[in-house]
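Next up: a single chain in structure tokens, the form predicted on its own.
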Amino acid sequence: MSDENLNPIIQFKEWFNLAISKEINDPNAMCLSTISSDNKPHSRMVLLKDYNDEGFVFYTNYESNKGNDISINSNVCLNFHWKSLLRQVRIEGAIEKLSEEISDKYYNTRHYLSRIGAWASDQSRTLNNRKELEEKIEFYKEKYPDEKKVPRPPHWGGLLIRHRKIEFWQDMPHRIHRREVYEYQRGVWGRFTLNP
């Protein structure tokens, strides 16, 4: 087996490109699972913004529930489910913050109101009413009226999941599914098959 065949990102790229062409909505949507301080699992959908041999990237508010969970336990799991392809990809790894430079670069590509929203929203915290949020949005629009000059909030940025295990699951007739796993151990990738 060649080294190329032991690189899970090559297979992920093939499946992801197919999902982009076939999935109706958000082929980059992935379920992120974290563990809270009281050992309770939390899952939510986030959007993949980049991936490479280093890992998988998304952006968020670091003070959100997921940000708090990650600060306590950096072990996370991702799951892509592409219903139209009858395929899933499950990824386990450790998560870390991206550099401020990378976060700034992506933040500045976002729509003006999305950048304002990053300032206005106390993500995951209780909102008394919608008007309260709308007033905060107006406050930050007045504070940053120049659409080209909205600084990135210090509590908002990118996260990288450094994958250590990736399972590629494909639906097959009679529930005899295909499950191929790549796992990184002792500095090298290995590949094996699981029973359905």
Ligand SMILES: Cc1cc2nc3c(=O)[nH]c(=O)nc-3n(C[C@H](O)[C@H](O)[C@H](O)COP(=O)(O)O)c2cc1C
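Just so it is clear, the structure is predicted and the values come from calculations on it, not from any experiment. Residue numbers here begin at 1 and follow the sequence given.
The same protein has a further form, the form predicted together with this ligand, not shown here; the description that follows concerns it.
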query	finding
Heavy atom of each of L47, T60 and Q123 within 4.5 Å of this ligand in the model of the complex	yes
Proximity to this ligand in the model of the complex, single hit among N52, N65, Q170, S37 (heavy atom within 4.5 Å)	N65
Heavy atom of D26 within 4.5 Å of this ligand in the model of the complex	yes
Which of 146-154, 133-141, 52-60, 160-168 sits within 4.5 Å of this ligand in the model of the complex, heavy atom basis	52-60
